[in-house]
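Given as structure tokens, the chain that follows is alone and in the form predicted alone.
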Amino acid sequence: MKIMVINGSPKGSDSNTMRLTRAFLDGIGESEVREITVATSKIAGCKGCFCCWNKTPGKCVISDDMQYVIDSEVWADVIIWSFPLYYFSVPGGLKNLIDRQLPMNLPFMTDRTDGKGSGSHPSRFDMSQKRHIVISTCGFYSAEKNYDSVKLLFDHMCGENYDIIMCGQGELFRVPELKSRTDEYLDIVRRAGEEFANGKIKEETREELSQLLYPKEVFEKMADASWGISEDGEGKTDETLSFTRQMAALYNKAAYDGKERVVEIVYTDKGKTYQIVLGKEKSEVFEGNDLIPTTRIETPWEVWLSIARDEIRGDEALMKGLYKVTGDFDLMIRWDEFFGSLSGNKEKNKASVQTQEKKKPSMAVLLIPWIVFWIAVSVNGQTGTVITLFVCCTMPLLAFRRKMTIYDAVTFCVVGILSAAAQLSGYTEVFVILGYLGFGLMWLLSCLTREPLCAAYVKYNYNGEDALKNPIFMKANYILAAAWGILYVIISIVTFFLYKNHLQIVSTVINNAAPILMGVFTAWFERWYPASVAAGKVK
């Protein structure tokens, strides 16, 4: 496929619209591309002399880069018109280029049959099989009702033989702090390019392309704050205040849970303190520290910017002690819910898609075979082993709607083998003890993998696979997996000595009480450890 890209943005290669165009080309795949950047080309305005019609047919008397444009349009299979909306039309330089296409037409009058005007001029070249696509961004919250003149222009130029991608909120594509959201949109544009190459852009893709990056009120608050000037348009505002206001504009009021929060941000190297009040209907930014904060963030300005730009993960920076958080740490855990992309974090969306087909794993699936084995075999060796084997065989069927982990599979296999061995040997007490030991070793050995046992189940509560990149989450889970593993290894040793001294009742009490206490510890540790790391108390 031969593609001619006409970049009509005065910003040249740094154009926001060209970000969309490059994504579209990525979707199309391997092709031969010619590109002209109007801003850096020599294309004078049309003189209206009509020499290209009668004195030098098909050739303009102005000698500049326009001849290359015409030759490339004739050469191409696809012509991509890439430009931002300027005063509800195309930028001036691009309008010059469009005017200078006059040599491509013959001077004779013809009727139009497509209803796009009352008359036309026949093309000097066979352009009937050319495909055109218009890709454009604008600075309004929506493209809707702002492109009327552009559509009329291309209706006359291309008839019905063109497609269009129009995106409002175009300036957001150059904001590093919003990259996760704009990348989502670029992925849709990439998909549109792939579909275009295969015939046509699907309706569902068009629908996704027409959706807003952010709701109107959120975008307009961010846009207003981004200029860094006072409301009267005269004075400048501090960059930290402008940024904090933009961040506050991202507040998702749907995350409000009845609890009004005051987030205090202290830019330690700038000597600036701001408080963001997160209420039921909106967020507000105040300078100073007059209110009592519920969550306090102390951070160097550059660190906070790096986190916002996805140059460093926030949890990683927290683990390294690059900034501190005190107060209600729940806000930090739910940060994306309060301030993240309103369409959803990409990794979170992936996890959601994965778990739509099957429900997330449940630790009950892992625990039930072990518990049945320990209890049933202890009560009656022969009958208990049969019951346990039945549970191991039926549990996968009962849990077929759930996503299974490697630890579920290991459990079914190990418990099944222990039950069969106990049934055949008759040494039920020995295999009960081995069961406690095996359970503990499974926890401990999981600490040698990239996903400790507990993380395999709880990661879905923390953005799925993305949680495995969170050093605080991972360290907490490695500690807990090691603690549970050590507990059950100790239980197996204690049980051995108690059984040996015929103290089965004492063993039963200990074996039930110890996990309950460890469960209480786990619940406490899950809250205490992240908050302590955030406050710089532990590493």
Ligand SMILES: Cc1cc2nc3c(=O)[nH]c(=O)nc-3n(C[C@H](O)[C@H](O)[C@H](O)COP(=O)(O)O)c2cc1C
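Numbering starts at 1 and runs along the sequence shown. What you see is a predicted model, and the numbers here were worked out from it, not measured in a lab.
Below, we turn to the form predicted together with the ligand, even though it does not appear here.
Q: Are all three residues 9, 15 and 87 in contact with the ligand in the model of the complex, where contact means a non-hydrogen atom within 4.5 Å?
A: Each of the three qualifies.
Q: State the residue from 140, 338, 443, 162 whose non-hydrogen atoms include one within 4.5 Å of the ligand in the model of the complex.
A: None of the others qualify; the residue that does is 140.
Q: Which of 206, 112, 174, 253 has a heavy atom within 4.5 Å of the ligand in the model of the complex?
A: It is 174.
Q: Check residue 170 for me: does it contact the ligand in the model of the complex (non-hydrogen atoms, 4.5 angstroms)?
A: So residue 170 counts as contacting the ligand.
Q: Among 131 to 139, 112 to 120, 178 to 186, 295 to 303, which stretch has residues with heavy atoms no more than 4.5 Å from the ligand in the model of the complex?
A: Going through the listed ranges, the match is 131 to 139.
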